[in-house]
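Take a look at this single chain in structure tokens; it is the form predicted alone.
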Amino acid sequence: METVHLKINNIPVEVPQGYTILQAAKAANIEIPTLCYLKDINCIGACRVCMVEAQKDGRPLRGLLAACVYPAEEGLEVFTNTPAVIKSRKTTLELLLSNHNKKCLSCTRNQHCELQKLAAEYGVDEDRFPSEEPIYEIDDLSPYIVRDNNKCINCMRCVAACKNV
């Protein structure tokens, strides 16, 4: 099996060819946050929370990369917590929350919510992008999944789970 050598936050990492940056980071115990990624089920880069900066041969790659879908490449240098990455994640979280029912205290996921955890971690506690939240009925017609679109962040996990599992 061929391997790829890269650096993540200046830490040398060796992973099998075909791994993504996210998989390489996980192999090196480096945390990159995600909301849409589900191992072996959903890796579409929809949430844009896993964005990273990268360079190759000392030259920055253009723009930020979605770590869950971008392949780990030989000689790639990845940075997971630069000011640009942190700003991108914070803005993404603010946008996700702008159209989200923020009744966390009465939510069954309170204190066990990935979005809530990331919002706290990145200091997202204000409505910088206020919007009128539409009111949706709870979809409980399926015996397998209950969808509350008032809390939907368009991560597509439910779609991938229904399609692939």
Partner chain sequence: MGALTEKSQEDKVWEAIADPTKQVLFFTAPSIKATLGEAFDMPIGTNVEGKMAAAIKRLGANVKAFNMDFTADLTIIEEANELVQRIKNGGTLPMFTSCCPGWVKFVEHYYPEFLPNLSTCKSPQAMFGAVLKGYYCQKNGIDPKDVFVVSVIPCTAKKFEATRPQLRSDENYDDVDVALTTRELARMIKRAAINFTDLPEEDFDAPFNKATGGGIIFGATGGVLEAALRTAARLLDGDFKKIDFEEVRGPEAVREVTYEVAGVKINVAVTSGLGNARMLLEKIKKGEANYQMVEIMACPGGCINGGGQPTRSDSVSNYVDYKALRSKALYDLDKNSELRVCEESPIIKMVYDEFFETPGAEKAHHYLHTSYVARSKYYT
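Positions refer to the first chain, counted from 1. Note that this is a predicted model, so its numbers are computed, not measured.
If you look for the form predicted together with the partner chain, you will not find it shown, but the lines that follow are about it.
- Comment: the partner chain is not present in this chain, but in the predicted bound form one of D140, E126, E121, E137 has a heavy atom within 4.5 Å of it, namely D140.
- Only one of the listed residues (L61, A28, I44, C107) places a non-hydrogen atom within 4.5 angstroms of the partner chain in the predicted bound form, and that residue is C107.
- Proximity of H100, C113 and V165 to the partner chain in the predicted bound form is complete: all three residues have a non-hydrogen atom within 4.5 angstroms.
- The closest non-hydrogen atom of I153 lies within 4.5 Å of the partner chain in the predicted bound form.
- The partner chain in the predicted bound form comes within 4.5 Å of a heavy atom belonging to L38.
- When the partner chain is considered in the predicted bound form, V4 lies well away from it, no heavy atom lying within 4.5 Å.
- Among heavy atoms of I11, none comes within 4.5 Å of the partner chain in the predicted bound form.
- In the predicted bound form, the residues of 146-165 lying within 4.5 Å of the partner chain by at least one heavy atom are, in order, V146, R147, D148, K151, C152, I153, R157, C158, V165.
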